[in-house]
Ligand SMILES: Cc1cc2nc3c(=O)[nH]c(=O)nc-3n(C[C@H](O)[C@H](O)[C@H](O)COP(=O)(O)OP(=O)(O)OC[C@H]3O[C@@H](n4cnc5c(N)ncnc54)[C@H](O)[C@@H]3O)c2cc1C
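One chain comes next, on its own, written out as structure tokens in the form predicted alone.
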Amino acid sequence: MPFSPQVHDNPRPVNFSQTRVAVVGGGPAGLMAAIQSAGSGAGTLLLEKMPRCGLKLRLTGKGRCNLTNTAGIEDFLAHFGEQGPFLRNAFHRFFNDDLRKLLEDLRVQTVVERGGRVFPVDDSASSIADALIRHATQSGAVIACNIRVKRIRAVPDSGFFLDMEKPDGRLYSCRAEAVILATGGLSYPGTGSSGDGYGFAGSLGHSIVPLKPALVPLVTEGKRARRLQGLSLKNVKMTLRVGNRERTWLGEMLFTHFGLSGPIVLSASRYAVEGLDSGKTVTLSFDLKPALDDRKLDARILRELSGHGRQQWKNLLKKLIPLRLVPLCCEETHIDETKPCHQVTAEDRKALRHWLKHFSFQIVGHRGWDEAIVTSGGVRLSEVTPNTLESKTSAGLYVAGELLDLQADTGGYNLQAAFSTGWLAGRAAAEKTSGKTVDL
């Protein structure tokens, strides 16, 4: 039965009888899936429970939207770790250059910044979301907002029935030949990410890899990090130790009132969270001078000492580390900050070198879902066909975006995965429902 829900840029009533593909979720994966499905000729209905689409997308990159990265496919896949190969097919069909070209056609210009990160020129994540919404409706998709999907039922030889609820409590149902799940994960729950999709997938036969916050700030023991709140360190080497295993990153980090954040800390967080959950000891150690080995670092310190014998130790340290680190360094190396440089001993230099190369923190916890950028875990990849994203347990069901058990480092990798999987799922669902071959 037709009804008139709140829709964005599409005021016409929704006729459920015309729906071939139902897309559940209006984030980056869902919008891209709706664009491709409708553009391929399939009657497409996108259902979004929030008042408008793309709420979480509008927050990404602190509102700037780091939408992708210029890295090549192999480098891209490496940032997803062991799960990376699953995305190879999706990336070969729709990748970073394709995304930038699509946005350019939609009159959204992009720019490349440090580390290959790609942002819209206007620094507005909303410009990305709004452009995709307009493109979806212009492609023929119907976007119905404020519609909460309550249940999805697979009926043999009849496709799927979706039971839905409007804000006033009225219930509706519609049938679709194919369903694309793109509801997102659990991060940023204020944008509507409540994990509904995991329940839908589970009810349709999928197993869910345990869910944990990822790309999330970490909580440290004691008050050392609080003393340095707001200080950012660049070009440092960070080593994460979980039990007996080590991983390293090079880049930028940030001290907060509760612990540690910044790009390399966020990238390490999924492994730290896993370690904490399994009861292992987790530490982060920072090499503040990664370009210098012990011998070269000692030579650098000796050069600074030379000719400045009457200078106080703290003044020498200012040439090696940020000013705010100086008091903590003196305390932890047990060297008086007023000590004249001509009295500095070989043991003092050794203590400083060790501190500079092994500035360590014990990790005792992590922040919550409202601060996590993505979700670790999700629909098990072995239960999804990588060249179409169709479910192996329920024919006609497709899974895209953050619902999949895929997580990468910061830098635009996760959003590109959402766009690429949405693109592939939309094309594949259109082909399945239309009986026509779509260029995948």
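Please read all numbers here as calculations on a predicted model, not as lab measurements. All residue numbers refer to positions in the sequence shown, first residue = 1.
Below, we refer to the form predicted in complex with the named molecule, which is not included among the displayed structures.
Only one of Phe200, Trp355, Phe160, Phe255 comes within 4.5 Å of the named molecule in the model of the complex through a heavy atom, and that residue is Phe200. When the named molecule is considered in the model of the complex, only one residue from Val149, Leu99, Val108, Leu240 comes within 4.5 Å through any heavy atom, namely Val149. Only one of 275 to 283, 90 to 98, 322 to 330, 366 to 374 places residue heavy atoms within 4.5 angstroms of the named molecule in the model of the complex, namely 366 to 374. The named molecule in the model of the complex is not approached by Gly259, whose heavy atoms all lie more than 4.5 angstroms from it. Shown alone here, Ile180 lies farther than 4.5 Å from the named molecule in the model of the complex, counting heavy atoms only. Mapping the unseen interface onto this chain, Asp130 falls outside it, with no heavy atom inside 4.5 Å of the named molecule in the model of the complex.
When the named molecule is considered in the model of the complex, Gln36 lies well away from it, no heavy atom lying within 4.5 Å. Residues of 22 to 51 that come within 4.5 Å of the named molecule in the model of the complex, judged by any heavy atom, are Val24, Gly25, Gly26, Gly27, Pro28, Ala29, Gly30, Leu47, Glu48, Lys49, Met50 in sequence order.
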